[in-house]
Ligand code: NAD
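So this first bit is one chain, no partners, the form predicted alone, shown in structure tokens.
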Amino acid sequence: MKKVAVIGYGGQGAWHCTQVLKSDVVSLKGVYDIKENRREAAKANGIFVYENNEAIFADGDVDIVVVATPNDVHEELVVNALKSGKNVICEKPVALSVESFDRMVQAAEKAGKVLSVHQNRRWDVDFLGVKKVISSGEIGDVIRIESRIHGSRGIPSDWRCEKEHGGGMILDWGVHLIDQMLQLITDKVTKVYCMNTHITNSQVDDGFRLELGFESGKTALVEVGTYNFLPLPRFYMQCKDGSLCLEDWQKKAHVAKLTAWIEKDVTPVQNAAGITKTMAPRDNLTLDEYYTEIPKSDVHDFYRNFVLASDGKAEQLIKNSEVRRVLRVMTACFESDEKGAVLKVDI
């Protein structure tokens, strides 16, 4: 069993501790947090607490350091952990710039250690359900995918509200949804247009709407809102031979598969103050509707893969080249919003 030390015992750091305690490949050695109340909370939960970060780096029993701190201090902690001979798991977003991440990767290569970013939303069953439908080809090639997360409570009232700590929704939820989208559509990104919202926060974006254009002609929408009291579907997808709608996290995907394009006799339907054939609903002679099964998922596969990768026995599931690509898209998001323009990119 590889021994893990966690830096940061906030929400995500505590989540890591809980998962590590249940793991079949790693065990928890201890934690450190700069806040005394969090150190006391860890002690109350029976977890060993280090005196400081340096004590973790100096502990020869520690194989893996998990960095779960505010975003602006990731680089320093990751680099120091790597220099001390530890493999490192860093929370997302791993860095506030591509250049910062490049320095982390260089430090890992120099130390001969593994650096991985905890893109845990790749194990979300809603995302996996959409991915499965795409890979099956059952409704044809993708035309457009829309991915949304809507809430109504604004940004949490902590460092995520503050620009200097790397707050805002692009860096918080956006990094997940962009990462997922680039797994669903792997083509080169050629266009980025992003509009940020500041309904509840003037410092950082409390939501955004991102349009992506791909070299293949496919398009995507990624949207995060924190002031939406009636959420739109989590996923909506248009494909050459059908559509998919997935309402929420744990729901089954509703799929409509086109079985025949032409209908000989379309009866007009009453629509508002008129009639229409164009918008008349299809019947079961040309459309097959069904719900997919919810895929199985195990978040511990992340730790299992990381251990194998650190032993040189497997390739990392979350590749640093993929992480860098997401960072480049997020950088383009901020630039597009600032300029109010569509950016032509090569990502």
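Just so it is clear, the structure is predicted and the values come from calculations on it, not from any experiment. A residue's number is simply how far along the shown sequence it sits, counting from 1.
Below: the form predicted in complex with the named molecule, not depicted.
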Which of 188-196, 216-224, 258-266, 170-178 lines the interface with the named molecule in the predicted bound form (heavy atom within 4.5 Å): 170-178
Taking heavy atoms and a 4.5 Å cut-off, does Asn120 contact the named molecule in the predicted bound form? yes
Contact with the named molecule in the predicted bound form for Ile34, defined as at least one heavy atom pair within 4.5 Å: yes or no? yes
Answer with yes or no whether Lys86 is in contact with the named molecule in the predicted bound form, where contact means some heavy atom within 4.5 Å. no
Closest heavy atom of Arg160 to the named molecule in the predicted bound form, within 4.5 Å or not? yes
Would you confirm whether the three residues Gly10, Gly13 and Glu91 all fall within 4.5 Å of the named molecule in the predicted bound form, going by non-hydrogen atoms? yes
Would you mind picking the one in Cys239, Ala108, Leu77, Ala253 that has a heavy atom within 4.5 Å of the named molecule in the predicted bound form? Leu77
Which pick from Leu128, Val73, Val98, Leu232 sits with a heavy atom within 4.5 Å of the named molecule in the predicted bound form? Val73
